[in-house]
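Next up: the same protein chain in two forms, each one alone, written as structure tokens (structure 1, then structure 2).
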Structure 1
């Protein structure tokens, strides 16, 4: 039996606002269920509908057909501020989430506006959780790329949303900083029930997601685990997806599926021990 539905799309159709009275369709009769507790990665080429799907869930875009439910409540015609009590979106550009004079003020803002009890102590917990101690009095716009990402994640989960949406959370980060952000994403599980990430970062997908939804031309081209998607050569070629290097290298060297550095290292050491034992 599946867990309760966190997000449900029923025959949803949506379009971009175009020019000269032409509004290109993005989704045409989309059906999709995302269940409570899932960590979902949305992947696909540019224009596939990843960001549009996130904006539909949080109410920034309204469909022209179908119904959308979040946590069992229909939000099809609700305003974004009404859905904000159970949905939060972390933007691709962290700067768009900074409106206060300091990191601490930005994290406190939503809780303060909604009169959350003990919001200051909760903000301090988030500052500790995302390794922002010592930065709380600084202007968030002046932080490094990784620090800004961590600050935006803290803002995103300040209200303990049931559904957390993230748009390209590791874009434009170096390897070390990306690793920090992936670790931060893993720690979010204690604060939110369901997380959905739109990304081009296949290493993030491999290390973090337990379900992968492939979008192509506004349709679901594939839906499965990381290994199921990375093994589907037809889908990979059709959508133009390349599995992460560590996955490809693991298959070539060991004939096994390695989704993260630890799995690769474990296999390497095992192979080394077997060779030395001969």
Structure 2
């Protein structure tokens, strides 16, 4: 029995408005199903359509053909104010999400507009959850990169969306803040049901994603688990993706899959035990 579909694309076609009268197609008859509870990573080179796909799901861009369903309801021609019931998008550039006067105001905004009861206490909860205590009265634009990113995540889940979309959540972050953000991502997934992340960060994909969809020139080039995708050298080369270094190392030395240095070290020890046992 298949779990219910969180997102469904039926024969969707979308295009981009160019300047010199050319309207290049981004998607041409795309079909896609994402089920409730999945943690999906969308990967592919720039221009493959990752951001566009996210924007189609939340109604930012309208397709010119086909239908899009979110949580069972058709949203193809619905307004963004209505799709916000189910979907939330966290932008690549957190600054574009800041429309309130302070961090606290931004987090409260959506709940306040929709007259959700107890919005103040819910906002406080979120501030605690994302370690933003002490910053609630500051203008969000004045925060550091990592703090801005955490604030944008808090805003993203304020309305408890069923589907959370994230566009490059770890871009332009140094390693320390990246780790914070990944921890935050993991704690979010207990609150929302389905999450879709568009990213270039293969280490994030290795650590977090259940399912990986590879986009290339507007088509789905591959779709499977993280290890299945990293195995598929042909696709990776075509699309220009490289798995994390430790994965390549493990593959070349032992023909096995290692997603982080600890796994590699453990594997090396096991191989060594085998060699010594002989």
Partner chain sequence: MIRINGLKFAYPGMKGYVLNGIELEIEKGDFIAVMGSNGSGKSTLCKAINGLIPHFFDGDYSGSVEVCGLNTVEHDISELAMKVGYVYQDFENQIVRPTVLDDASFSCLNYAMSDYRERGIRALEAVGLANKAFDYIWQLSGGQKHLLALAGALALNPDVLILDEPASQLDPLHANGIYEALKILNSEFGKTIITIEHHTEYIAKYCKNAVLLDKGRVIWKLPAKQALSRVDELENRNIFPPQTAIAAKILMEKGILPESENLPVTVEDGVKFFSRIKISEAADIKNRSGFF
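From a predicted model like this one, the values you see are computed outputs, not experimental measurements. Throughout, rigid core stands for the largest set of C-alpha atoms superposing within 1.5 Å between the two forms. Residue numbers count along the first chain shown, from 1.
- Both panels show the same chain in isolation, but it is structure 2 that comes from the form predicted together with its partner chain.
- For residue 251, the Cα coordinates differ by 2 angstroms or more between structure 1 and structure 2 after the core has been superposed.
- Relative to the larger rigid part, the smaller part rotates 23 degrees between structure 1 and structure 2, based on C-alpha fits.
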